[in-house]
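Shown next as structure tokens: one chain only, the form predicted alone.
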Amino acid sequence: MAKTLPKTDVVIVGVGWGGGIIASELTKAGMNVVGLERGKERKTEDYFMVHDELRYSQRYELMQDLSKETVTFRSNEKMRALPMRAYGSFLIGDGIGGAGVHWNGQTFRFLPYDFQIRSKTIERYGKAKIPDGMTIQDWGITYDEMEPYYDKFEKMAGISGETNPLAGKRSSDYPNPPMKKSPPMQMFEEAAKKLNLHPYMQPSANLSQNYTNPDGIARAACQYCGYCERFGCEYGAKADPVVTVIPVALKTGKLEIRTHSHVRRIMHSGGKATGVMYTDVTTGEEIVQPADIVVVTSYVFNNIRLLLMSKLGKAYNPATGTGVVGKNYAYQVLKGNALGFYDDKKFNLFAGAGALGMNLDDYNGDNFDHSDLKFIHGASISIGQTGFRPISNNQVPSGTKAWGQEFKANSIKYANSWISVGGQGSSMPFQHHYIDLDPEYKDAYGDPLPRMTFDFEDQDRELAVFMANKCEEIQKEMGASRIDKLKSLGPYEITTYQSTHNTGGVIMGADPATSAVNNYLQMWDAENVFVVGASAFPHNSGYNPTDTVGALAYRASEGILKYAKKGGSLV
């Protein structure tokens, strides 16, 4: 029988960006919060002098143990889903800070078009532009309404950047100036301007200078060591929950974090949550934590799975398109790129930072005319200098044998002479793309694994090739000696790393019939449950998701405080 603990005001499931921000905001307001994290404690000192590529990048030290819990995948409903046994297409973090520890730090706002994508697409092109089965919908909130929350996240995290000339209006500049501009980035900028495009420095959570945020948290400037993605930052220069919001919450004395606590059910009665049940993974003991408010802030798959296992909210039915939990799963189209090999140039590619780069948005959102194109939305095109590490990064021109003397010779020749210009493509939802519970495979605790049903569509194939051609034009203008580019996009496969930007499944909106949460991320079917994260995105944009996740977490915090005072639906 599960042990029951004393009641708390709020229990948070997962202590990453979403959980950390909400814990910070609620404890500052005087609420008592318990944060449950299935992984272990992490701190900056863990990363001192450990630029260990094998440990973190190849053996996934910061990621979920797939032998205990994973996802199953199939391309369509006619196939049998199988478990992801080894990391490939995406990485699922665990431990304090979650994905906020191992991210790169690229911090983009979504475009105004994103939040009203269906109505804006119909307004410009007509309803026929949206293909059968594509389930795009407006988010129930506009960019202008989101802007104050973006601003708050960026100031807390100390984002370094410059204004994107093709984005929505800002109420203030980024709190820090852009990072340094490397020679490849200067080449990209010059080429893009000659093509009448609009490059700008990538907004970065890697600090360009020492910075103290509005909460009084001081951090040091980035050292450009190149160990960001898949690594914790030993300097604290990369914003993550461990060095920003969690210390603020702990300082209040109102936050208790319990690590190794795997939440398995949300307890509920009469349309309201009463708390959560979790397993202490160090002892196997089952524990009930009662709470007035439950906030679910784990990764996309776990947010969805926990609601489905708890029978909270209406499960999505892909046959009818009804129900909401598991609906509108979306990914990212990252293969529309062009590799340039430069016979007469050498670059210091080993140095860099996770968010050091330049972008342009001329082909993103609805910033260009789609009338004669067979896709909607688009991609941000970028050149990044994240710091190439010796095991992970070794590009040779196409046609080079994958072993032997020729491979070795080209590996050495181009080790510091290749540059990638790539498109980070949006991903539109379809009725037959969704997450449900696998009927066969279970985790280490006997609970069903989340099952992912997804494949690339014509929309994605057209988008990827279009972007690859645009990237090739830029590489030519930059003077590449040889260019390899994507010629066609094949089926989605889960074994090769692409992007950890999974979205959807507990989407926000204005209608309970088509969304699981309102624009405060409050569940329509359980008013004291808030579900925070990229699971709330009705589609995925042509950007990294973290800025929008952080902004939504601040909005949800505001909503929780309102709910704690007055109760009821917030909209």
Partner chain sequence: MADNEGPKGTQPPGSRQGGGVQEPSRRKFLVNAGYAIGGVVVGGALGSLIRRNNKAAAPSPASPSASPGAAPAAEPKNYNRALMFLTQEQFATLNAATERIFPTDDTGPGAQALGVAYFIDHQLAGEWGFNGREYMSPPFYHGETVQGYQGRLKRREIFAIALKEMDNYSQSQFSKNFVDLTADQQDSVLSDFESDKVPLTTISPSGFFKMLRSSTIEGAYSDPLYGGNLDMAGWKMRSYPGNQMSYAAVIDKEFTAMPPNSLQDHMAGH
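Numbering follows the first chain given and starts at 1. Note that this is a predicted model, so its numbers are computed, not measured.
Note that the form predicted together with the partner chain isn't included here; everything after this is about it.
This chain is displayed alone, yet in the model of the complex one of Lys408, Lys311, Lys194, Lys169 has a heavy atom within 4.5 Å of the partner chain; that residue is Lys408. Tyr492 is the sole member of Tyr200, Phe115, Phe375, Tyr492 with a non-hydrogen atom lying within 4.5 angstroms of the partner chain in the model of the complex. The stretch from 302-310, 142-150, 211-219, 244-252 that comes within 4.5 Å of the partner chain in the model of the complex, counting heavy atoms only, is 211-219.
When the partner chain is considered in the model of the complex, Ile293 lies well away from it, no heavy atom lying within 4.5 Å. In the model of the complex, no heavy atom of Gly284 sits within 4.5 Å of the partner chain. With a 4.5 Å cutoff on heavy atoms, Ile122 does not count as touching the partner chain in the model of the complex; it lies far away. None of the heavy atoms of Asp458 is located within 4.5 Å of the partner chain in the model of the complex. Contact annotation for 334-354: residues with any non-hydrogen atom within 4.5 angstroms of the partner chain in the model of the complex are Lys346, Phe347, Asn348, Phe350, Ala351, Gly352, listed in sequence order.
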